[in-house]
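First, one chain by itself in structure tokens, the form predicted alone.
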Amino acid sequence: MLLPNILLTGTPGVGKTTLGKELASRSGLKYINVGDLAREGQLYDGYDEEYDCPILDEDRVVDELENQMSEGGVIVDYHGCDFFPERWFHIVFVLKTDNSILYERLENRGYNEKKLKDNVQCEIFQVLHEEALASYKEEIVHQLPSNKPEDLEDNINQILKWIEQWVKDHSS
């Protein structure tokens, strides 16, 4: 059976991982967190001192994912999206969180002041939504609210309905 590939993107702290893992467990799709994949495979190209984090080697990540993506049925979770091949995804969900909630979530993660401010600004200016719109066809890019537990449940149900419809539309 043919299954869709889904991209979950958005600023760090918006709930991509929580949504992705729960969605995978309820849909049977495979969940891939690009940050974890990079850590496990050491898919890095240096270190960013200012943000105190490794720099992702995007080409190696794409090479690493290519086979799984061509098989279908994958949920990819990452805060960037402009380096993935457009052909990989059938739908893109950009999660959006209110600034005050996001600030608190990132503060709880122990982000330094610069990283905190830059990520909240990124959310204010909808940088990742713009990046998604610039990288994929507009009709496959959707924003979802991610502020409270009810949003999570609503988003899961909405995406599960979409998957079900996609599978119906693409079965022979």
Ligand code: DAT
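As the structure is a computational prediction, the values presented were derived from the model and not from experiment. Numbers follow the displayed sequence, beginning with 1.
Omitted from view is the form predicted together with the ligand, to which the following refers.
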Answer option from 109, 39, 117, 142, heavy atom within 4.5 Å of the ligand in the model of the complex: 109
All of 12, 17 and 105 within 4.5 Å of the ligand in the model of the complex, heavy atom check: yes
In the model of the complex, residue 152 touching the ligand (heavy atom, 4.5 Å): yes
Close approach of residue 147 to the ligand in the model of the complex, 4.5 Å, heavy atom: yes
Neighbours of the ligand in the model of the complex among 69 to 98 [non-hydrogen atom within 4.5 angstroms]: 77
